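Just the one chain here, the form predicted alone, laid out as structure tokens.
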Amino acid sequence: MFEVIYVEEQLIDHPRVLEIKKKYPHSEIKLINSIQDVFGRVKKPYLQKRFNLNLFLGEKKGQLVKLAPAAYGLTGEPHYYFIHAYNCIYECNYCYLQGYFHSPDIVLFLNHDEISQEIKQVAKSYHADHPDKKVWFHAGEYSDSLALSHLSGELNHYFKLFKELKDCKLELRTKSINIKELLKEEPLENVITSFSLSPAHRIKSNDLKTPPLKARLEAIGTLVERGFPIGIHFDPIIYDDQFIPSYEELVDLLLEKISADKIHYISLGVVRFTKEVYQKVQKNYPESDLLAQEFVRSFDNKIRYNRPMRLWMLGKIKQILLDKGMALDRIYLCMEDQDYDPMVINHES
């Protein structure tokens, strides 16, 4: 899987490094002073990930925990994300990572003790002024939280941390069915695994190299049976002539695996791009039906459907969810304009 494994010199005897070297005995090992000295220094085409990837193992420097942008999670509580990895083994053709880094190579950071200390500091600082509120921390901003969890070995670390941080919540965002490491842990009420789901035909068209819908739903069912809390992201939502029936079917299939009252939240977000990422989509996937969509520059300079179209789409899906028994206060709009009531249902179209 990895042609070269780059390891920061101070980590050469790290237990996780030794484990990964055993898993990939044919990969070339190169010692480096710092990931930043090598990763992305020479631009590597995004689609080269189809043929070879390199792996970087090192320590994250600088700010480890960052405040999440508005509309990142349920309203009324603060949201932060922490950085434990860069890039993803999957190839979603709308993914912003194709325009974010100069390389698709995988980076795993191993200084989880330092990341944990910063999480504790952020939580302590916030709770000093707001003792009655939960603080959310999210993994998976620049990577998938579960896809390489068998390599990173980090889940046990964060389960121990959040067992201690009872006034905080952790979200593991994923499209993966790699739940083996997760099932080794005892479920915690404040550690939520959230799956990104789309209708089956959209996964096939857009979520390249990811597990199909049926497999993701099976993983959700297995976790529910074991008592793990579940969240859902319908994101990105893409319009086509099957839009309404395909989401009605998706909700029905989901509720066969988990009852509505056990879903902690469902986020809704339409497909969106920065200008740079949209240009990468045009270059990397010129035949994609994404390019036939009618987009405009929206309130935050991202490229989206126009506002009436977004409201209609989001309203239709929310109504489907409400009709199937999902509580209104468990539905939120992800990365969307806050100038209107985020729970509004558009009944006019």
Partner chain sequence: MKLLTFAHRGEAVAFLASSNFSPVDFYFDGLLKSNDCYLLITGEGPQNASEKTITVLANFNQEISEVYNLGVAGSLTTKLKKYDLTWVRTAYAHHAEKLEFKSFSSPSTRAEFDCLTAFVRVVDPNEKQKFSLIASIIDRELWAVASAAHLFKKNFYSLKVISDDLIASSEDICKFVKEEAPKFSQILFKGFEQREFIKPEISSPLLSTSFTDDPLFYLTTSQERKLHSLLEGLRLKGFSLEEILNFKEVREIKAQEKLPKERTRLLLQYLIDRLNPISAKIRESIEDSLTVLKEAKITPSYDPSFEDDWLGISVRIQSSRDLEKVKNALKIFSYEDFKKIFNGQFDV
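Remember, it's a predicted structure, so these values are computed and weren't measured experimentally. Numbering follows the first chain given and starts at 1.
The following text describes the form predicted in complex with its partner chain, which does not appear among the structures shown.
Only one of Arg226, His102, Lys120, Lys163 comes within 4.5 Å of its partner chain in the model of the complex through a heavy atom, and that residue is His102. Distance criterion of 4.5 Å from any heavy atom to its partner chain in the model of the complex singles out Ile32 from the list Ile32, Leu67, Leu322, Ala70. The closest non-hydrogen atom of Arg307 lies within 4.5 Å of its partner chain in the model of the complex. The closest heavy atom approach of Pro286 to its partner chain in the model of the complex falls within 4.5 Å. Gln293 belongs to the set of residues with a heavy atom inside 4.5 Å of its partner chain in the model of the complex. Taking non-hydrogen atoms only, Lys60 never approaches its partner chain to within 4.5 angstroms in the model of the complex. Contact check at 4.5 Å (heavy atoms) against its partner chain in the model of the complex: all three of Asn52, Phe299 and Trp312 pass. In this stretch, 78-92, not one residue has a heavy atom within 4.5 Å of its partner chain in the model of the complex; the partner itself is omitted from this view.
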